[in-house]
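This document opens with one chain alone, in structure tokens, the form predicted alone.
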């Protein structure tokens, strides 16, 4: 159950001491190896020689995607270009993409974190692991691969798309572990049903890159008959799995605190949230070389669930599954809500499928929301409207479609669409 039992079970005092030492080291590293970081620390009056580690954490300036985009592609890199061995980047759909470079040590650190996630999910050396995220600029496929190598798994590098081929591969090689973006899970189930096939050898599913609502997790777990895990990580932290995952106890996402410091801050401020209160996840990487992030404001919303040792034996902090992103929040008719709330409500209606669209209509400055969903015969628009009104506080328009009628996308599912009716 452990990839690195000593580090995964450090006591709270041991973790704190290690974080303190590594934070001091990484602050000196960025100050002496990159002019952008040096200028930011000078402007914040942070002197690496007198920096006191965790006691001075809140003195460090926060950062966000803006800095990555301003200094695209490698303006914040802390090593010479000839030491970079790999790079990945975000899609850039909302602007200049975020680039993350890797040294050999960074790739090993990524694989270490990811291997812990595999082992925590129950993977054993030699287990067949089918990797369905894309092998490309998106970090998902390669992150799953680096971790599977360190965990000594039998890798089926299927990459994305061609779901019928994915199923044939899984049956031919007796796939035990499936990795995918969240929305691809229901798509595989859909095609399995069309092919009248099952995957009896599949036992573990690791899903990430999108919001993973409790009801979507239940749909995937019960549909495959597997244990489904919520994996956490992003381009800026070094990729999938770098931050952590939930364990078989499913009592929160374990964050690898020997590699990362996680704070929960009140949105728009530098004020720390007390444990249990929802706020923005802010991350500091402690062991990355090429581009460590310092108090990176992720935009993700979560809360600290526990700092105590888990039933699984791990001592690292547990945070709640991500419930939404600050930049994903929608405001319609004076009501604030997140797409994940819509998903959670829809999947509570018997007969509703996990395929849906949230269409924000702008009609001469007046916003309205239209929600389309696939469902079995017998599910009516009234039933959907009633449930969403209970959840959101207002009645959105919407239509119910037969299963298979709404469009599918390769990779991450697009859930929100904007229509200007002016």
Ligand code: DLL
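Quick caveat, the model's predicted, so the values are computed rather than measured. Positions refer to the first chain, counted from 1.
Keep in mind that the form predicted in complex with this ligand is not shown, yet the notes after this line are about it.
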property: Proximity to this ligand in the predicted complex, single hit among 247, 131, 231, 342 (heavy atom within 4.5 Å); result: 231
property: Contact at 144, 210 and 300 by this ligand in the predicted complex, all three, heavy atom at most 4.5 Å; result: yes
property: Residue 76, heavy atom within 4.5 angstroms of this ligand in the predicted complex; result: no
property: This ligand contact at residue 325 in the predicted complex, heavy atom, 4.5 Å; result: yes
property: 4.5 Å heavy atom contact, residue 90 to this ligand in the predicted complex; result: yes
property: Close approach of residue 166 to this ligand in the predicted complex, 4.5 Å, heavy atom; result: no
property: Residue stretch of 272-280, 68-76, 285-293, 134-142 approaching this ligand in the predicted complex, non-hydrogen atom distance within 4.5 Å; result: 134-142
